[in-house]
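The chain below stands alone and is given as C-alpha cells, in the form predicted alone.
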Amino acid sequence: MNMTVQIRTAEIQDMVENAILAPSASIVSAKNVNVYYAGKQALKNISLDVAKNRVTSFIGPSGCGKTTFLKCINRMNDLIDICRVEGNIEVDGQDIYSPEVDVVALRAHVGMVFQKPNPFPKSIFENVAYGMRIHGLTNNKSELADRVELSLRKAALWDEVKDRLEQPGTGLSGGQQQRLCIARAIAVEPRIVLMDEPASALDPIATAKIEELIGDLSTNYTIIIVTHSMQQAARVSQFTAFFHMGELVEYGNTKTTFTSPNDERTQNYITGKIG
C-alpha cells in the first residue's frame, strides 16, 4: 500500500468514526444556560447537545463550572437556596425547568452517582430496592428480587455480593460501594446517569472496574461524567466538553479534542499550562 492510499484510508476511518460519533440523536439539549450563586455568575451562556447512549466527559480546572452544569441536568442545584438557573435545558425534548415537571420523577430518569460513595445505612439488597419501592416499579417481592439482581449484575457486583445481600452496604470496599451506588441509580430505569468524579476516591484497580463498567453501561444508558483526569476522559468517553472560568470553551469528539483542539485554552489545559 503506497503512502497516498494509506493517508486516504486514515481519512476515511476518521470520517467513519466522526459519523458514528456525531450527536444526531441528542437526549440533552442546553441553550444559553447561565447559573448564579447569589450575585456571582458560575456559568456563562452554556449551549450543548449530549448524544444518546454515549459517554460524554466534562473536563476543566477546579471551579470551572463543570459540576455546576452537571447538576443542572437533574436540578440538584434546586437544593441550593442561593442558586439561580437561567436558560433552557431539555431532556428528551421536555423542558426540565418547566413548572409542570415533577422533580422527583426527573431525578429517577436522570440518576446521579457522586464523588464519594454514599450507600444508604441499609442492607445491600435494600440499597438497590429502595428507589423501586419509592416509585412503585415492582408488583411483588419476587419481581423486586429479580430487579435487584439484574441491577447488581449490570453494575458488575452480583457475583461479589450475592451471598450477603442482607449485610450492610457500608461494609463493602470503596469500589464496591461505588458500584452499589451505580446499581441503585440504574435500578429505577433512568435514561441518563450523571457521574461526578466517580472514581476520584478509589484506588487504581477499583477505578479500572468503574471505567470498564461505564463502557458497558453506555450501551443502554447515556453517561455524563465529570472528571479531573484527562486520561480517564480519553479512555471512557466519546465526547468531551472543556469548561474554563464558567465558559464552555470547546465541545466535540474526544479524539479531536485531545489531538487537535480548536481553542488555545484547551491546548494549554491539555498540556498542563493551565489547570
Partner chain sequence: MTNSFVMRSSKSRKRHAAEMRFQWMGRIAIIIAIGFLVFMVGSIAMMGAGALKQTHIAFDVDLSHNEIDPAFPEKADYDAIIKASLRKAFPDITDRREKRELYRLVSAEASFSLKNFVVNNPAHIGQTHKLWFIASDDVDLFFKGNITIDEKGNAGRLNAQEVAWVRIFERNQNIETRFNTRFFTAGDSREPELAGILSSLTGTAFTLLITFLIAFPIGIFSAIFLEEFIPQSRWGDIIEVNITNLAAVPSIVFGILGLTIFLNTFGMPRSSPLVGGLVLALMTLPTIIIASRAALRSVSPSIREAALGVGATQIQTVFHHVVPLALPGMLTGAIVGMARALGETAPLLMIGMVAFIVDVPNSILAPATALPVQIFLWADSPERAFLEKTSAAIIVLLVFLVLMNLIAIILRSKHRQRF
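Since this is a predicted model, take the numbers as computed values, not measurements. Numbering follows the first chain given and starts at 1.
Quick note: we don't show the form predicted together with the partner chain, though the next part is all about it.
Although the partner isn't part of this model, could you tell me whether residue 191 comes within 4.5 Å of the partner chain in the model of the complex, counting any heavy atom of the residue?
Residue 191: no contact with the partner chain in the model of the complex.
With the partner left out here, check for me: in the model of the complex, does some heavy atom of residue 154 sit within 4.5 Å of the partner chain?
Answer no; every heavy atom of residue 154 is more than 4.5 Å from the partner chain in the model of the complex.
Is residue 205 one of the residues lying within 4.5 Å of the partner chain in the model of the complex, judged by heavy atom distances?
Although the partner chain is absent here, residue 205 would stay clear of it in the model of the complex, with no heavy atoms inside 4.5 Å.
Do residue 168 and the partner chain share at least one heavy atom pair within 4.5 Å in the model of the complex?
Because a heavy atom of residue 168 falls inside 4.5 Å of the partner chain in the model of the complex, the answer is yes.
Looking in the model of the complex, is the partner chain within 4.5 angstroms of a heavy atom from every one of 107, 118 and 130?
Every residue of the spot touches the partner chain in the model of the complex.
Could you work out which of 200, 123, 138, 88 is the residue within 4.5 angstroms of the partner chain in the model of the complex, going by heavy atoms?
Going through each option in turn, the one that passes is 123.
For the chain seen here without its partner, which of 139 to 147, 91 to 99, 74 to 82, 154 to 162 has a heavy atom within 4.5 Å of the partner chain in the model of the complex?
Of the stretches listed, the one contacting the partner is 74 to 82.
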